[in-house]
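Coming up, as structure tokens: structure 1 and structure 2, two forms of one and the same protein chain.
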Structure 1
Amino acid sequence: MERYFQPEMECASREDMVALQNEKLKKQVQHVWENVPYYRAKMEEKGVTPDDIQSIDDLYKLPLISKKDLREAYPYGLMGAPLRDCVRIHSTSGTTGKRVVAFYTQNDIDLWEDCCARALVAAGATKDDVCQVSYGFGLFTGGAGLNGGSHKVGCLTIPMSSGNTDRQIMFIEDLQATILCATPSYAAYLGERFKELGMGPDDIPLKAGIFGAEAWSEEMRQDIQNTLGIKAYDIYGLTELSGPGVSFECSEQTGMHVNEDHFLPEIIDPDTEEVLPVGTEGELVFTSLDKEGFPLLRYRTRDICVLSRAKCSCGRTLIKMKKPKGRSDDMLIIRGVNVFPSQIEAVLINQGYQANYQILVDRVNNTDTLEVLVEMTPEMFTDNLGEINARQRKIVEGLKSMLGLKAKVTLVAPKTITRSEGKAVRVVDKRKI
């Protein structure tokens, strides 16, 4: 029996959903026009007024905004509600430049936690579950979002935060935690630690996990599911829109349902900015329909993905998005070839390695170099030098056929690649461009 947190929204008919979106969009555009001078100026520049937006079909008329705008308007330029109504900020990790600061009213937090609760219920969470939130708490949205969602569902919530792996394991065991929320790389790391302690999937009380905040491959999902003996669900979100819970996976595990009553998705051609039909691959753009503190219209996520309206066996009617190939921020252009870290990860896991790797990019004599550091594992080690060399060559060949690029593969000692407790540092780009 599929359960829902808010069935009236999650399973709404298409007509009801569109009617709701139309109404919310008109209101939101008016709200932004009146409260966010930065965006109003962009509308005026394009010759658009709130009157031009009568339904979601008019969405394309609105100007797009990007991370560049967020940086320009930093810190208060895109605040959409008076400071006295805002109660919290969250901020991005700032790995790709200046931090983004987003504002929340109490209502924003409430709706965001509802979104996370939908994700938890879709993963099977009930009041009888013990939910360990191992995302970082603080400026990062992961901990706060899932923690709030878990409260709404009524789980016994462990606000663990990241780090101190042995304590994490102790709480999972002692309190018999059944749901784990973490970044996928941290979940994989916990799995490794369980293995070292001699605990297999049957000894671990967890039954489901909600993992997001970084790109991860289908192969990594299988790996985590097998090691921890759980079903691993993907969750997607951005601080700019609220945090985790913009979309979430159901039992079908074939894409994430977008909470489109709050976040209206579009796919555009990243070069021409033209809107593309559902089912076409392109850049994901979101309009937040309810956000008060930080109401972004047509925000370019830089995530490359595909939307689908195919009927889902879980009964939800919310539109689905495929797992993004990776944020275009994560995308590397090496010798003119687009490379996503998730592609490299897939090759490694397919060949029996752990998802512990690091990608080093450099430029030597005007040519880009790609090096992948891979940790040696007990399973892959042999006394035979020739055999190890052959395995190393196999990775090089695997990468070559996946990426069309020759990479240098370096085998390193176990645990030498820094383990992430929050987001993994997968890429070190030393090129000075």
Structure 2
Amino acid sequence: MERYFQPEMECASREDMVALQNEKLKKQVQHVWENVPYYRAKMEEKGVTPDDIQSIDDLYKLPLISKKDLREAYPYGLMGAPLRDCVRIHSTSGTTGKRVVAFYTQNDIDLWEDCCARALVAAGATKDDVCQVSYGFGLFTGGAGLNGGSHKVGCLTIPMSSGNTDRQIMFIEDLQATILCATPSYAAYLGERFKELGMGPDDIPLKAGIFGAEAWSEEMRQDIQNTLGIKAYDIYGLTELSGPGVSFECSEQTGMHVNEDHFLPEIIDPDTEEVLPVGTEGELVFTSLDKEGFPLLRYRTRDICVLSRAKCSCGRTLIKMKKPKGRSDDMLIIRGVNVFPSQIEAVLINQGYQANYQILVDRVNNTDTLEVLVEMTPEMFTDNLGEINARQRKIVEGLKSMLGLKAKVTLVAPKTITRSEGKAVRVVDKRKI
């Protein structure tokens, strides 16, 4: 039997939801106009005032905002509440080493945790469950969001963070954990480790998992479900909007319900910026309806997907988004971390290399791998292995500092990476996702 955390919202009639969205949107636009000079200037440039926004049908009149704006406004330019009212930040990496910093009031955190609680209850969580949160904690939103959501549901919560796999397994066994929250690749790795220890699905107490922060295929879902003996649920979020819990999967597993009382979704044509009808594939855009600290209006996610209002067997009336099929920009998500080619390029150029490189991404044993091929310049070209190894180590360290990820680096001879007369092919992504 399906359960709900906030049934009055999750199962609201379309009329009631639209009325609430209209009310919240008008209030939020006024809030942004009065408190975010950066966005107010964009509105003025477009000739729009709060009086022009009377309902969600007027949303298209507002200017779009992108990651470029977030970089330009860094750190405080898009803040919507006084510093004294903000209690936390979370952050994700930006394309030039500058990070996107999102601000939260206590009310923002409470509403975010409600959204995560909805996701947990949809996955079957109750007060009687033990929830192991194996997302990273710190600036990354995953750990904090699901940890807070688990508390709201009333689960016994194990704030494990990521890594230390044998200790993870020890707690799952000893504390009889029933819900696992992690990246899908880490869940798959835990499954492999259980196998190595001679444990099958019947020996593992877990019953459900909530997995997000990176792309994963339906094949990977089935593999995780079979290995761990669980039902694997998808979750979606962005640091810019709050974190995981913007949308979540129910037992039907045919897309993620958007918490549209908090996040208003649109689909646009990524090239023309025209709003497209529900059911059409395009770029996902979100408006935060009640975020105080970092209130983004019409934020371009760059995720390509489809929205659906098809009736769901779970009873929720919240609109669904299909799993994003890709991105309209060049960002990669590797082991839950946002990686841009321009970040890698910046490291290489700072170390004296030219912009002749190639990024190879693959998935081996359900874990993302990252390799960077880098051309040496004629001046630095040598067959001295000691010197080459030292140079490679230096690049590895530079990339780890920039990305927070360890990459394999291979230095190659000058002129060995294929040149292109058109747009350079910087990324070769071999993952089947």
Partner chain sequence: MAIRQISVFLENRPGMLDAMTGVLAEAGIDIRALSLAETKDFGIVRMIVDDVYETTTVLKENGYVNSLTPVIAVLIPDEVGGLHTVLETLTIAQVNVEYMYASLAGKKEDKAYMIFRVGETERAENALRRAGFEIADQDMIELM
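What we label the rigid core is the largest C-alpha set whose atoms superpose within 1.5 Å from one form to the other. Since the structure is predicted, the reported quantities are computational estimates derived from the model, not experimental observations. Each residue is numbered by where it sits in the sequence of structure 1, with counting from 1.
Asks: Between the pair I just shared, point out the form predicted together with its partner chain.
Replies: The form predicted together with its partner chain is shown as structure 1.
Asks: Is the C-alpha displacement of G336 equal to or greater than 2 Å between the two structures once the rigid core has been superposed?
Replies: G336 C-alpha, core-superposed: shift of 2 Å or more.
Asks: Look at T382 and decide if its Cα position differs by 2 Å or more between the two structures after superposing on the rigid core.
Replies: Yes: T382 shifts by at least 2 Å between the two structures.
Asks: On a rigid core superposition, would E34 pass a 2 Å threshold for CA movement between the two structures?
Replies: No, because once the rigid core is superposed, the C-alpha of E34 moves less than 2 Å between the two structures.
Asks: Enter the rigid core superposed C-alpha shift of I359 between the two structures, rounded to one decimal in Å.
Replies: Comparing the two forms, I359 shifts 7.1 Å at C-alpha.
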